[in-house]
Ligand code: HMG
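Given next, in structure tokens, is a single chain: the form predicted alone.
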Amino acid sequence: MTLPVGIHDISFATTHYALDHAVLADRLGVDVDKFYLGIGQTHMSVAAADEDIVTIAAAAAKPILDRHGLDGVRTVLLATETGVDQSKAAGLYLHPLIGLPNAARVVELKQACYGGTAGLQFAAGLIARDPSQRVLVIAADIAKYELDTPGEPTQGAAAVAMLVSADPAILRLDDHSGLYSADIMDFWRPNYRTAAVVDGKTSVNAYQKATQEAWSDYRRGGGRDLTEFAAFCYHQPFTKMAYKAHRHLLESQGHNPESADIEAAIGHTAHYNRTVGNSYTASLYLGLAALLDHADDLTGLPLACISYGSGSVAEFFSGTVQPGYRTHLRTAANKAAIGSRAALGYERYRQLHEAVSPIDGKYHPVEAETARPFRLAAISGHKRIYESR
């Protein structure tokens, strides 16, 4: 008999700072409801000068290893589209920070916001081959757009770590999965740019089409009907995008949903993304964590997950919530991670946004700023030096 595989533990981390969209709206001279209501965002997480995807990934992963130890962890998959090196996997920097095992493969995955789902599915395949193994999957990103552009209010940052195993305690993955890929220039970041290039209208349309096509592929493979799911977790570049995508999917299948129906299906998934902002690869799984933390008892109920990464790749997959899952959640810690962020003023926000990394190879210490457990201490000889606090 094949053992069930899925998410055994899930942990979330974000940055030291948060920028209230009211501050941004005031400086841009627009009504704050353009952000609060129009795109569904109230704040964005902003990285301090001594934070990056490595520091927030370590902060997300450490609680999992503290709880479960290292036994059986032979693979670490870190998904990101804001990596710190063109060659070296960001996950390798985690070794001295959180004590990853040496007898392990460590790989970085990239396909825009879809990368975390690739990591989850690759992990499931490894465990199906050897159920004694456990895989640590980390999705970590800092979303950055140019100042004074439509994408600016959708910035954000977060990391979600998942321990994937046989006989999972939280979510058992179903066998069926729907896929869709197409070469579309809706969002991309050439090597010579620090901020992404975005075609907003094309991206919205591509997201909706990819969702519909991945769903159709899921159904062709024998997946569940839309009416069977207790909730839907979408990638959320901004929270209102999830609402748009869900309405589009339902209408494409002949449904005529009321706003209350859509809110019931995805409302809980927006709690964290609404105040954290876009976290690219982590976004879908931040939505899953929010759903598990805020919804009534989901035991035994099927959930739908819709992953989209610009460029583009999409996947529609599903899973069943396991008995006793609530005893394994980190609801208090998740809320504390969000609630403990320091309020960021506009001028400091602009300074952080416009800062550039040194390229001369000299020793450049980074002033201590974050109150989070890990920080970037220096860049020296083109090497990134991290430390635990």
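These figures come from a predicted structure and were not determined experimentally. Residue indices: 1-based, along the sequence shown.
Below: the form predicted together with the ligand, not depicted.
Asker: Tell me, please, which stretch of 237-245, 265-273, 68-76, 290-298 lies within 4.5 angstroms of the ligand in the predicted bound form when heavy atoms are compared?
Answerer: Only one stretch passes the 4.5 Å heavy-atom test: 237-245.
Asker: Residues Ser216, Arg219 and Leu303 are flagged as a possible site; in the predicted bound form, is every one of them within 4.5 Å of the ligand by some non-hydrogen atom?
Answerer: Not a single residue of the candidate spot has a heavy atom within 4.5 Å of the ligand in the predicted bound form.
Asker: Name the single residue among Glu347, Asp31, Glu354, Asp360 that comes within 4.5 Å of the ligand in the predicted bound form, judging by heavy atoms.
Answerer: Looking at the other structure, the residue within range turns out to be Asp31.
Asker: Just one of Gly200, Pro257, Pro101, Pro131 has a heavy atom within 4.5 Å of the ligand in the predicted bound form. Which one?
Answerer: Of the candidates Gly200, Pro257, Pro101, Pro131, Gly200 is the one lying within 4.5 Å of the ligand in the predicted bound form.
Asker: Please determine whether Val106 contacts the ligand in the predicted bound form, using a 4.5 Å cut-off between heavy atoms.
Answerer: Val106 lies outside the contact set for the ligand.
Asker: Contact between Tyr145 and the ligand in the predicted bound form at 4.5 Å, heavy atoms?
Answerer: Contact with the ligand, yes.
Asker: Answer yes if any heavy atom of Pro150 is within 4.5 Å of a heavy atom of the ligand in the predicted bound form; otherwise answer no.
Answerer: Judged by the heavy-atom cut-off of 4.5 Å, Pro150 is in contact with the ligand in the predicted bound form.
Asker: May I ask you to state whether Tyr207 is within 4.5 Å of the ligand in the predicted bound form, using heavy atom distances?
Answerer: Yes, Tyr207 sits close enough to the ligand in the predicted bound form that at least one of its heavy atoms falls within 4.5 Å.
Asker: Need the contact residues for 260-280: heavy atom within 4.5 Å of the ligand in the predicted bound form, sequence order, or none if there are none.
Answerer: Heavy-atom contacts to the ligand in the predicted bound form: Asn278, Tyr280.
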